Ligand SMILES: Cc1ncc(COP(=O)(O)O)c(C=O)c1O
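Okay, so here's just one chain, in C-alpha cells, the form predicted alone.
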C-alpha cells in the first residue's frame, strides 16, 4: 500500500513553469524558442552587483546572516524608500527574504489563521491562492475584468458577500500590467483599515512603469504588509532575494518564522545586492527597453489576431483576449509553441473561470526576440487565415 501524500500538496501547478519546461525541452532538441512566457529580464544583474559577489566569494565565509537580513542591506532599502517614495521607513521594519515567494509565505503565516478568508483578484498571480490554500486559508476570488481595467475598487469590495480577514493587491499587476490610480489605492487602503482587513500589497513591479510612477500602500496604510523583490526592476531574478516592510509589532513574529523556515536569506545575494542601489541609471535603461518592446507588441499583435489587449501601465506583460481564436488557451499556447517556437502563457494560470479565453505575453526579453516573435505570430495567423 502506498504511503499517503499530504492533501495540502493538492494545489494547482504554476502553469508558466510547466510552459517553460516544455520550451526548454524544445530547445534541448535543437529547436529555437522565443521566451515570451516567463517574467524574467533578459539582462543580467548590473556589473557592480556581480563584482560585489565575486569579492564576497573571495573574502567571506558566507555563513548565516541574521534571519531578518544583513543590516547594511536593510539600511540601503530604508534610504531607497526615502529617495523613491519620500517615506521614512526604519530599517528594523524591513525584512530580507528568500525571494518574494519567501515573503509571501512569511506574510501569510504571520497574519492568517487556518480557515481565514483572504481576497485575491482573478485574474491574478496564481501563487497567492495556491500558497494560501496549502496553508489552509480560504481563498475568496474577486473577479475583475476590462470594465475596471482588471483592478479592484472599493465598489467591488463592498459587494463581496463574505467578511474578509485579508486582501492582496498588486499594482502594477501580473498578468495584466494594469495599475491602480493613487486615489483608488488610497480608497482601498482606507477601506481595509475601516473593515479591519489585513492588506498585503505586492509591489514587485514598482520601478517598471510607463506613464506614471507607482505609489506604495505605505503612504496610506501603516498596517499594510509590503512585498517586493530584487528580481524584476533590479534584474536579479535567479539570486532569490526579496524583502518585506512590516508593521513594527510584526517584526518579531516574522523573525521567529523566518528563523525556523529559512534560517536566513542567501548570504551571497545579500552582500551583492547592497551595490544595486548605485545602478539606477542602468536599471532605468532596462525599463526603456521594456517600453520599446511593449510598443512593438501593441503594434504587431493586433495583426496576429490579438486585437483585445488589457491596459498595460507597468510590469512587462500584455494580457490578450483570444476568445475569437480559441476556447482553450492552454492547447492554443502549446500549438503556437510547436508551430512557431514562440512560448507564451495561457490565461488559465491566472483565472480559473475565464482564463481559457486569454493568454499572457512577457516582453522582458531582448528587443530582437520581441521583433522576431511578432513576425512569426503574424505569419502564423495570416497562414491560418488562408486555410
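Everything quoted here is computed from the prediction, not taken from an experiment. Positions refer to the first chain, counted from 1.
From this point on, the text means the form predicted together with the ligand, which you will not see here.
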**Study point:** Partner contact for residue 204 in the model of the complex: the ligand, 4.5 angstroms, heavy atom
**Key:** yes
Practice item. Determine whether any heavy atom of residue 99 comes within 4.5 Å of a heavy atom of the ligand in the model of the complex, and answer yes or no. Key: yes
Exercise for review: Give a yes/no on whether residue 191 approaches the ligand to within 4.5 Å in the model of the complex, heavy atoms considered.
Suggested key: no
**Study point:** Contact test in the model of the complex: residue 229 vs the ligand, heavy atoms, 4.5 Å
**Key:** yes
Practice item. With the ligand left out of view, choose which of 76, 240, 93, 198 has a non-hydrogen atom within 4.5 angstroms of it in the model of the complex. Key: 240
Review point. Within 4.5 Å of the ligand in the model of the complex, heavy atoms considered, which of 128, 81, 306, 112?
Key: 128
Point to revise | Among 210-218, 251-259, 275-283, 120-128, the region lying within 4.5 Å of the ligand in the model of the complex by heavy atom distance | key: 120-128
Practice item. Using heavy atoms and a 4.5 Å cut-off, decide whether 150, 178 and 290 all contact the ligand in the model of the complex. Key: no
Study note, to complete from the structure: Residues in 341-356 that come within 4.5 Å of the ligand in the model of the complex by at least one heavy atom, in order, are none
